[in-house]
Every structure is written in C-alpha cells, then in structure tokens.
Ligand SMILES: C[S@@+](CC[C@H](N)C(=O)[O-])C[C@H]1O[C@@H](n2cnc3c(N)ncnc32)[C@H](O)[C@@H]1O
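Quick setup: one chain, the form predicted on its own, written in structure tokens, and binding and motion questions come after.
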C-alpha cells in the first residue's frame, strides 16, 4: 500500500502550525473544502463529485469529463471550465502554493465545475471507473531529462497502457511540452501502441494551425516573455 500524507489538522495540529510559519499555504490548502481535497481518497472524492453533479446539473452526468495532470495554478483548467460550463474538470497538483492560488481564482470567479486534488496523476485510476474520462490534459510535465531519471516521467508506455481502459469511447489525450526529446519519445510510444491514434501533431505549436484554439498555460505565458521556444503538441484518440 502506498504512503499517503496524513491530515495534519487532525493528527498533529501543532506541527501544522509550525510548518505554516514557513509556508502558509500548507494551512491555507484546507480553506476550500467545497472544491479542493488536500487528502483525497476515492471515498471523499466520489462524495464531492456527487454533490457537485447534483448541485450543477441535477441527477444527470456531465457532458464530458476532463482531467488535467499538473494543473499548477489552473489558468488552463479555469479557462476550459468557463468555456465549457456543461462539462466537469478535475485538476491534479502537488504544490501547496499552486493549489491555493488556483482555489482563490476558482472561488473569486464562482466556478462550480472544478474539483482540485492534491495528488499525483499516476494514481488517477484510484478515483475513476473505467470508461469515465473523456479528455486527459497533460501540459509541460517534468521532463526528467537525465536518462537515469526518465523512468519518473508521467507519460510512459506503462502509464499510457494502464489508463487506456479509463477513457470513454474516442477519449482524447492532449499533451504539450517544450522538451522536444520527451515529445519525440511520447510520440513514438503512442505510435507503437495499438490503442491510440495521433490525429494532431506539431513540434512548434505557436506557429502551427493548432495555435488558434490553444489555451496558454502559466508556463507558456513565461515562455512568451523569453523568446517563445518551440513547443510540441499532440492530440491522440483512444480506441
């Protein structure tokens, strides 16, 4: 069984208070229980998911379910959620500060179709049933550039194979990265697997026809200020 951090408010509130003196976001992450789960479990996620569904769309299921792994402070996720109010969005992120910043924006804009989890994307299969995900967005994940560390990349053959059953029919994987070696590697893996089909692909997103519909992430905003390095983008359909 994998290790999961304990709820410091319950277990050791004194420790939480001390940690918060150095990083106030460690405490602030608990301030948004209506859409942010600091210690997610399948049970409390499903409970919040059910509440959100009933509040927003009655007893029916949302039109589409989107997941973003590594959502950061959620510029991309929030824009998608606003543009698609009929859909539902789940963001996975580990950094306290990024989650709190995202939560503040979601609360300020009164966005009702987002849930944030402080969780690693590798474990998304613990929260969803098979054939329940329509879109999986992965933007600028850690490329782990050293060969000895590439096993830590999120997009591996093993992960892509594991998550395939969780996609709905014609579910889509959308991937962006400025690390073109990583991009080439993922492209090769997808082509070798017989469970995905790449239908959009470019090694320079901002100069491609796909850029017209592109939503900038926080990283892309930073890249634009530093000379716009080429960004790989692909969309692959699961079948």
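None of these values were measured; they are calculated from a predicted model. Residue numbers count along the first chain shown, from 1.
The protein also exists as the form predicted together with this ligand; that form is not presented, and the subsequent description refers to it.
Colleague: Report the residue, out of 150, 157, 131, 120, that has at least one non-hydrogen atom within 4.5 angstroms of this ligand in the predicted bound form.
Modeller: The residue in contact is 120.
Colleague: Please pick, from 95, 162, 104, 79, the one residue with any non-hydrogen atom lying within 4.5 angstroms of this ligand in the predicted bound form.
Modeller: Among 95, 162, 104, 79, a heavy atom within 4.5 Å of this ligand in the predicted bound form occurs only for 95.
Colleague: So which stretch, 181-189, 66-74, 35-43, 205-213, is the one near this ligand in the predicted bound form (non-hydrogen atoms, 4.5 Å)?
Modeller: Heavy atoms within 4.5 Å of this ligand in the predicted bound form occur in 66-74.
Colleague: Report whether all of 53, 87 and 89 sit within 4.5 Å of this ligand in the predicted bound form, measuring from non-hydrogen atoms.
Modeller: Contact check failed for every one of 53, 87 and 89.
Colleague: With the partner left out of view, is residue 25 within 4.5 angstroms of this ligand in the predicted bound form by any non-hydrogen atom?
Modeller: No, residue 25 is distant from the partner.
Colleague: Does residue 142 reach this ligand in the predicted bound form, with heavy atoms at most 4.5 Å apart?
Modeller: Residue 142: contacts this ligand in the predicted bound form.
Colleague: Could you list which residues of 207-223 come within 4.5 Å of this ligand in the predicted bound form, counting heavy atoms only?
Modeller: 217, 218, 219, in sequence order.
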